[in-house]
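Just one chain follows, in the form predicted alone, and it is written as structure tokens.
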């Protein structure tokens, strides 16, 4: 009996150990294989801006990063060719009237183009601050660590450019030596701190989204030093951001002949995606779709040729979705609906601009009604631009996109109505006619 009991116990132990071993093997199988994890070929100094040096230790990642230079393929609503939004959607020439974006507004190309594109844009002039380099180069983390964000920001663009010679690269996202994902943009760190959030406590999966927030966030240039600042003090939702701007009385420019203190949204992908989107709530990270894992022999690594998942849907979407064709059709349907709604909002805002400019020409000092019309125009423009400047045509958060565009249209029509009432002129309620001042 005792011998039989011993046999049963030993058998049970073997079964438990086997189960544990199987669990360990399954866990290891699903972990990314780290190339040369035990002994790197070269040591990388902190904030090393030259990505080719990192590439000696991580050739697959570096080789795929370089493909962002040659990948110029577009999707239906975006892509990497650098097309002009002003040509594709001429309404935006009017919407950004009096501001640099009415001169040139090209869609973003791949990361390898970041430095070349910012140096060649028509929006740069002799007054441009160094702030405009903030999201464009792997030289930045080292410069920030040396002179600080304020000195970086207030330095003239042309002068700071003498220290910057590398596009976006490894140092923007990784900690040298450990290769951990990191937040190194001082403005974003300050934004988290303002909310009482310790980003260093985020999980690795969370960091696969947060690391993109080094650049893909809303920001403005604060004070005379034009210090890069993210408006997160009250939260990252659009109501909190708008409230923040209202509290400090900030404007990017004043719309000519209308007098509206207007705001320009930048590229709020992080705020947009994290505002309760389906994928975000499910724990999906930016990198899961834009930098999916691939294999090179035994090596498993995250692809760094960052582009639309629609260009490699089997890899990007197929990791979670079995019916990839349905996913593609669903994305196209969502983006089409958002695009149509966005254009409708643009038409409404232009009608508001038309009415405000006409009312201002008739009676510039009218007061309350016209000021209220300007306030509604300001909100409408920003809500629309928050969706328009975000690089997914709404797909990162479809419900949120349609909600913001509906509110933008509503504010725009109210602005148009108040402008007409301010001068008692119902003709200003006419739609589809852009105001031209008298000669």
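Positions refer to the first chain, counted from 1. In this text, all values refer to a predicted model and were calculated from it rather than measured experimentally.
The discussion below concerns the form predicted together with another copy of the chain, not included here.
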* To do: Identify which of 322, 125, 81, 278 has a heavy atom within 4.5 Å of another copy of the chain in the predicted complex; exactly one of them does.
  => 278
* Asked: Which of 391, 64, 410, 57 has a heavy atom within 4.5 Å of another copy of the chain in the predicted complex?
  -> 410
* Using a 4.5 Å heavy atom cut-off, are 330, 399 and 424 all in contact with another copy of the chain in the predicted complex? -> yes
* Does the 4.5 Å heavy atom contact test between residue 302 and another copy of the chain in the predicted complex come out positive? -> no
* Using the partner position in the predicted complex, report whether residue 181 sits within 4.5 Å of another copy of the chain, counting heavy atoms only. => no
* Non-hydrogen atom contact residue 354 with another copy of the chain in the predicted complex at 4.5 angstroms -> no
* Is the gap between residue 344 and another copy of the chain in the predicted complex 4.5 Å or less for some heavy atom pair? -> yes
* To do: Counting only non-hydrogen atoms, choose the one of 206 to 214, 189 to 197, 172 to 180, 269 to 277 that falls within 4.5 Å of another copy of the chain in the predicted complex.
  => 269 to 277
* Using the arrangement in the predicted complex, list in sequence order the residues of 321 to 340 with any heavy atom within 4.5 angstroms of another copy of the chain. => 326, 330, 333, 334, 337, 340
